Structures are given as structure tokens and as C-alpha cells.
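First comes one chain, alone, set out as C-alpha cells in the form predicted on its own.
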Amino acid sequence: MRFGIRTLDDLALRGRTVICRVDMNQPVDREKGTLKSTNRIRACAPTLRELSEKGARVVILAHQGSDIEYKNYYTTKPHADVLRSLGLDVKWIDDVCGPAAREAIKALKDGELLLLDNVRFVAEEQTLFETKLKLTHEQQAHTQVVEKLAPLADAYVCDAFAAAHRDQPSLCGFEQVLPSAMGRLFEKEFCTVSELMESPARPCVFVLGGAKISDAFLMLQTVLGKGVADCVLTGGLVGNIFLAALGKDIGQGSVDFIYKSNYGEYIDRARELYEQYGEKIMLPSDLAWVENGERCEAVLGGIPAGIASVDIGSATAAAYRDVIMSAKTVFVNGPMGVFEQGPSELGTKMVWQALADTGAHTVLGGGDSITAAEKYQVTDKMGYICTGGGALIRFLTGEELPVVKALRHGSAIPE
């Protein structure tokens, strides 16, 4: 048991049916019916392999697609194909908790693995259900997915640290009725970050970009207020919001995007944060945009009217590199711009190369951050790569993650 939570070492597994919730959510190529990345599937495979080798009858629950836009939902069938390519003999069924799924679970033999279809096909697993009804963990134990599957299982294992900030039945409900433990990936990520955050080597630098604004601002107040962060390097939409809050020229197109995306409220919050901790927050001094397929750069104040910036400028990237090279600990979440496209990738590429070159202990979190590391072939040079972006940020706020709380409860249930 670690941090009050059982590990796989604390569960009897042979001959027992184990529900294992993983996070294998990956970008999908709908035309080809394949996944664009497999890093999260590869990350959870060791837990599934260990459960199988120890004789458990493994029922795998996973989601696929944004839980904000239902049109992004997709079947987990391609995930089963990837798991098989990794040497796991996985069965798959296009059902979550209906009669077909329950019969398939009952038919499992020792060591067999069964992947159910996308758990978010069940309404109670969707964000609207979570945010509007706000069920307690005890109430989640009485939802459809838990009531139908839990009676067929002997234990529950959560290996989805990337989703640990979510409060949904497949993540927090089973622990109310089944002996529970964290899988190897969850154990590694939760314990590594917990130990590191207790006493980070300094200077401790946060690199914060991307477009997940709510998570970013939730974390910023805590790490700055508690003195965890010695410096925050901003890029992407995060950087643009701070610049807009200070009245800096980021291009009218960027300003329009902020308000059209309903992020206007964060401008006031950014202004307040900068007034309190401005000496620790580094903002871009130049920005880039794309014109006729070519990259263009200008210092703040020199950006043409109507332009939308898509990356930090090269001078900013060079300044950020200097900070990263002198750091002892670096937390990273979110790219510096639209790195997927050549003309707008320079900022992210330069910063990620600095992360590879620095002697600091680097912790990288979030899907886009990992994808960028893969693109620039620097994954093996990162100190630690965490599959969870939102979960990592929520953890850094100091709040107890819903799944962590649920696992502690389930760890107290006798086997």
C-alpha cells in the first residue's frame, strides 16, 4: 500500500474477476478507423499483462473521445487491435454493461482479457451528467454501469491517472462496493509526482501553454501562491490571455478568438495573477503568424491588424531556453503554439529541445505535450512523462483528486 492506496501487490488475483479502468483515449483517424497515437495504450499495457499473467479474469473499461462533444466519441475496437499488437490476447465486444457484455464477463477464464466498448456510450459517463447532477461517490455506486458490472467482479483496479480529476461512475463508483487498488501506471505517476512535489529541486520552472485554459488558471493560483513555482513560462493561448490582460498587442484576430471562445473571463483573472506574481511570470516578447504559407514574426506592437498569432516568436523561445537550461526542476503542460504545422512549430520545437538538453528533472504532462516530444524525437530525454494533463494540473493545485479519494475508500474494503 502506498499513500493509503492498495497496489497490485496487495490484491489476490488468480481466479478472480477484476474490473480494470484504464485511459486509452487517443486521437482517431476516422477515415482509416485507426488511432493516430498509441502512447497511452502502451503505457497501460504492463498492468493488463500483469493482471493476466497472475491469473485474473480481466474486464477492461475505457473511454474514447472528448467528453464535451459527443460527436467525438468512437468505439474502442481499434484499441483492442493495438493491445493485440503488443502481445496481449484481448477479446472485444461492442457493449458496455448490457446483457452481451455481462455474459461475456461470466464466460471469462483465468488470465483472459475482455475490452468493453466505449464507456462514454453510457449517458452517466458524460460530462453533462457529471457537472449537472454532481453525484456523490456513494450515489455513483447506484448508477447503471456500476450496479450491472460490480456484482460480476471481485475487485476493481484503476490505472487511469490521466482521468483521475474526473468524477464519474467508472472512475469513482466501483471503489464504493469493491476492494480496490491502483494499477502500475497509476502507481508510478501518482507516486512520482507526489514525491517530487514535496520538495522540488530549485529553481522550479513551469512551462505552460496549450489551450486548456480552465486547468491552467486553476493550477497557477496554487503553485504561485504556495511558492512552488519560481518561474512560469507562458505560451499558446495561456500566453495570449496574459498579454491581452496587460493590453499588449497580440493581433486582433487573437483577441477575437479569446472572446468568441468564451475565455474573456480569464483576462481579468490573468490581470490579477500578474499584479500579484508578475515577477515570476514570463510572457512572450514577440509572436508569430502565418501569411501566404510563410512564417512571420514581430515584437509586440508590430503585429498587423486582424492577424491571429499562432506561436511564440524566436526571441521568446531563445529566452525561454535560457531559463530552462538554468532550472533544476521543470514541469511542462501544453505547447507554445500550433506545433502540428511547419510554419508555426518553431517555438514549441525550440522549447522542447531545451527540455531535452537541460540537466533539470523534467516532468511532461498532457497529450499534446507528449505528441510534441514524439514529433521532435526527445521522449527518451525527458525525466518523466505523465499520461495525464488535466489530472497532473489538478494534482498540482493541491486538491485531492476524486479518483484518489475513491481509491482510498476502496482500499479499506476487505477482500
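So that there is no doubt, residue numbering starts at 1 and follows the sequence shown. This structure is a prediction, so every number in the text was calculated from the model and none was measured.
Quick note: we don't show the form predicted in complex with adenosine-5'-diphosphate, though the next part is all about it.
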**OP:** From the candidate stretches 28-36, 360-368, 376-384, 52-60, select the single one in contact with adenosine-5'-diphosphate in the predicted complex, where contact means a heavy atom within 4.5 Å.
**Re:** 360-368
Original post:
Which of D95, E340, D110, E272 has a heavy atom within 4.5 Å of adenosine-5'-diphosphate in the predicted complex?
Top reply: E340
**OP:** Would you kindly say which of T76, T234, T316, N333 lies with a heavy atom within 4.5 Å of adenosine-5'-diphosphate in the predicted complex?
**Re:** N333
**OP:** Report yes if any heavy atom of P169 sits within 4.5 Å of a heavy atom of adenosine-5'-diphosphate in the predicted complex; otherwise report no.
**Re:** no
Original post:
Would R295 count as touching adenosine-5'-diphosphate in the predicted complex under a 4.5 Å heavy atom rule?
Top reply: no
**OP:** Using the partner position in the predicted complex, report whether G210 sits within 4.5 Å of adenosine-5'-diphosphate, counting heavy atoms only.
**Re:** yes
Original post:
V310: heavy atom within 4.5 Å of adenosine-5'-diphosphate in the predicted complex?
Top reply: yes
